[in-house]
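Single chain ahead, by itself, as structure tokens, in the form predicted alone.
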Amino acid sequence: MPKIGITALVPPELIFACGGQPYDVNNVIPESKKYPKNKLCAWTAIWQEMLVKREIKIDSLIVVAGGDCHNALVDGQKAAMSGIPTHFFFYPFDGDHKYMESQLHSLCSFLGDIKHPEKFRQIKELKKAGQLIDKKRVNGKISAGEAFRILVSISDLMGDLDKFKRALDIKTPHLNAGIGVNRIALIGVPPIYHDFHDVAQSLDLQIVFDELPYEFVRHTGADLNEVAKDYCNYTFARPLDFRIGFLQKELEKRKVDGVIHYTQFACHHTLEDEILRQELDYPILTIQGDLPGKTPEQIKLRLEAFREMIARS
């Protein structure tokens, strides 16, 4: 089974259906101790270095060139120039599902065409189970950290559907996490700090919504046409007002008390912060991260101050 690296959200349904094993190169970054020599964004610079040095071993690479990450386009080209067979994948900014379908057909050709169409329905069922994990977290029946670790892994389903199915079988006591704590939405890209959700929960900030991982779990389809119609509404690849409209509905549904907007150093999404603050009617804390590791002490202090501000309001 060829190992297919992906730099951002690429429908894993299609990769599995074409007989490949998706591997999200971002998922190794928070636990790594890598400090890249040349970087803007540590996320893309680290996986680019690891790919070029063959510390991440893949058979080919799919770079999301039009979509949620602009830095990945350049760092993906650097990886491609090192000799890794690479395909550049584009999302439609206007949500045109016919364009999306054409991109999926092009990707199919790169991957060797669909060999296992049954994988579409199998993954659709697994994502339904993933959505239940999200609901358990909202209702305080599972910790934010446990839920996040599963939801973020849906980008590539751990490269193994059986392994992912076993990971869904979490047996934890009822936490009553929604009672007596502050319900927080985490928007933007996922934090580069591997313990961020656990730290927030220890400070009585219960994260009940992770914007980007929720995009991973909510998009699916039983065949290529359904996948095209669903994924063309991937919010990070659409205009900002489209994404904000979706966020407003989700935050109201989850009854959040405040919002943490995580931004990555040198990421273009940082420029969206001002607009998000204008449009989302919640207390908002903006945090900018840089290199992977544990949550820095100064960020912990800011989280504590944010909790106190919410309590006063």
Partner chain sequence: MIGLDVGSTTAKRVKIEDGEIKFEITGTHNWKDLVEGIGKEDIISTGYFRHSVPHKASVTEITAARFGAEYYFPGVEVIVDIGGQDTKVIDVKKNNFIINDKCSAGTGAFLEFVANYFKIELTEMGRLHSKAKRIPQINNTCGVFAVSEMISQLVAGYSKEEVIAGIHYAFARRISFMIPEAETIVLIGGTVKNEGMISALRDILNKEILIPEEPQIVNALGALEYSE
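Residue numbers count along the first chain shown, from 1. This is a predicted model, so every value here is computed, not measured.
This protein has a second form, the form predicted together with the partner chain, left out of what is shown; the following refers to that one.
- Ile284 is the sole member of Val52, Ile275, Ile284, Val28 with a non-hydrogen atom lying within 4.5 angstroms of the partner chain in the model of the complex.
- For the candidate spot formed by Arg302, Met309 and Arg312, every residue has a non-hydrogen atom within 4.5 angstroms of the partner chain in the model of the complex.
- In the model of the complex, the partner chain sits within 4.5 Å of a heavy atom belonging to Gln288.
- Shown alone, this chain has one stretch from 42 to 50, 56 to 64, 276 to 284, 241 to 249 that lies within 4.5 Å of the partner chain in the model of the complex by heavy atoms: 276 to 284.
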